[in-house]
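As structure tokens, one chain now follows by itself in the form predicted on its own.
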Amino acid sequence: MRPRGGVQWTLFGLFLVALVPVVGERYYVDLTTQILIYALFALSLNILVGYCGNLSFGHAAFFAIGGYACVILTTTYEVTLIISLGLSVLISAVAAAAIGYVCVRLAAMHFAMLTLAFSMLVWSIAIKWTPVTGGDDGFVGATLPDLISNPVSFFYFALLIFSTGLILLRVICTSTFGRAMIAIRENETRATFMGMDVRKIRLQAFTIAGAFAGLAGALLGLYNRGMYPESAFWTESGQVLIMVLLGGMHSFIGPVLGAAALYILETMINQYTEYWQIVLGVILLGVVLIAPDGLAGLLSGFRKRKDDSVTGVDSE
């Protein structure tokens, strides 16, 4: 019953999102488009953090690689949009596999710091490789097909890509491979004794996460009509990690809630004060203290209490 209810609520949420261009202004269309992009980015990181139990401080590297690859292919080499998206995902996956091959040999904090080092390497390449990436100024002036050149059509294109990514990630996380990742997260030693190739599974998870991060980055590059080196900086990795933690890293849909909440809060607070980082930090601290399992855990607890009250079960 619970999985079916979760699917129903997800479909209902996607339906409501699809109505934004109909009932909302241009501002809300742009805001929702950006939330969809970062929600997909957060979902990709949750493969590592929430399911495999590997903390990564360098996930923005694959986000930037996918973005740069897409805008360069569509603009410099005039590759069609679909092929550019596919190649962007492939390039990000290959980069993740290469970096992951080194990172998965380590554990805990050493793993996290090595991912950060590789992310800063990608950031340095984006800045220094000026003829290709545009250097500090970024790669600007990306071309888009007429079909998605206006905000509304791009919104529905982003919603389609997000929904596809959501379904694929859901299939992965509920599969035998997904259960294997959870087993490794809970007890890596026991998983090894059960015959699991822990290093191989961690590498596969790292590659999958990098591929979907690249897809999100490609969407961002197309949305911004360009890509900038800041997308590979460690602060971008930190932001998406906060989205995952805020939403609930042990929940599949949690990162989506975290991305929406963080982006909306950041946008709203920034309109009223230049010290929005302090206000946002206080709010996030309060949410973490009240709901250590994230927004998804808070909603799940509320739903459980509601079900108990209906059935007459004492929560004590």
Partner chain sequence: MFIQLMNSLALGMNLFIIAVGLTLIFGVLRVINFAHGSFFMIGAYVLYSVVKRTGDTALGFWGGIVVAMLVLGFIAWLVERFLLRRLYDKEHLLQLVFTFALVLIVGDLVKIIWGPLQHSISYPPGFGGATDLGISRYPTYMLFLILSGPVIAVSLWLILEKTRWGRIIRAARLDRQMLSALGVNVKAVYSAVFVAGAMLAGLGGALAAPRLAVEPGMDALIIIDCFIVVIVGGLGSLWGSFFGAIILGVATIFGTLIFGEWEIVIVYILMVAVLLWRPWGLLGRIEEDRH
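Every value quoted in this text rests on a predicted model; they were computed, and no experiment measured them. Residue numbers count along the first chain shown, from 1.
Heads up, the form predicted in complex with its partner chain isn't pictured, but that's what we're talking about next.
Peer 1: Closest heavy atom of L265 to its partner chain in the predicted complex, within 4.5 Å or not?
Peer 2: Judged by the heavy-atom cut-off of 4.5 Å, L265 is well away from its partner chain in the predicted complex.
Peer 1: S149 versus its partner chain, in the predicted complex: is there a non-hydrogen atom within 4.5 Å?
Peer 2: Answer no; every heavy atom of S149 is more than 4.5 Å from its partner chain in the predicted complex.
Peer 1: Is the gap between E230 and its partner chain in the predicted complex 4.5 Å or less for some heavy atom pair?
Peer 2: It does not: once its partner chain is placed as it appears in the predicted complex, E230 has no heavy atom within 4.5 Å of it.
Peer 1: Is there a heavy atom of W129 lying 4.5 Å or less from a heavy atom of its partner chain in the predicted complex?
Peer 2: Looking in the predicted complex, residue contacts with its partner chain include W129, since a heavy atom lies within 4.5 Å.
Peer 1: In the predicted complex, does every one of F57, L116 and W123 come within 4.5 Å of its partner chain, counting any heavy atom?
Peer 2: Checked in the predicted complex: all three residues contact its partner chain.
Peer 1: Of M109, I82, L160, V140, which residue is found within 4.5 angstroms of its partner chain in the predicted complex when only non-hydrogen atoms are counted?
Peer 2: Result of the distance check: M109.
Peer 1: From the candidate stretches 63-71, 278-286, 251-259, 34-42, select the single one in contact with its partner chain in the predicted complex, where contact means a heavy atom within 4.5 Å.
Peer 2: Among the candidates, contact is made by 278-286.
Peer 1: Scan 235-249 and write down, in order along the chain, each residue with a heavy atom lying within 4.5 Å of its partner chain in the predicted complex.
Peer 2: T235, G238, Q239, L241, I242, L245, M249, in sequence order.
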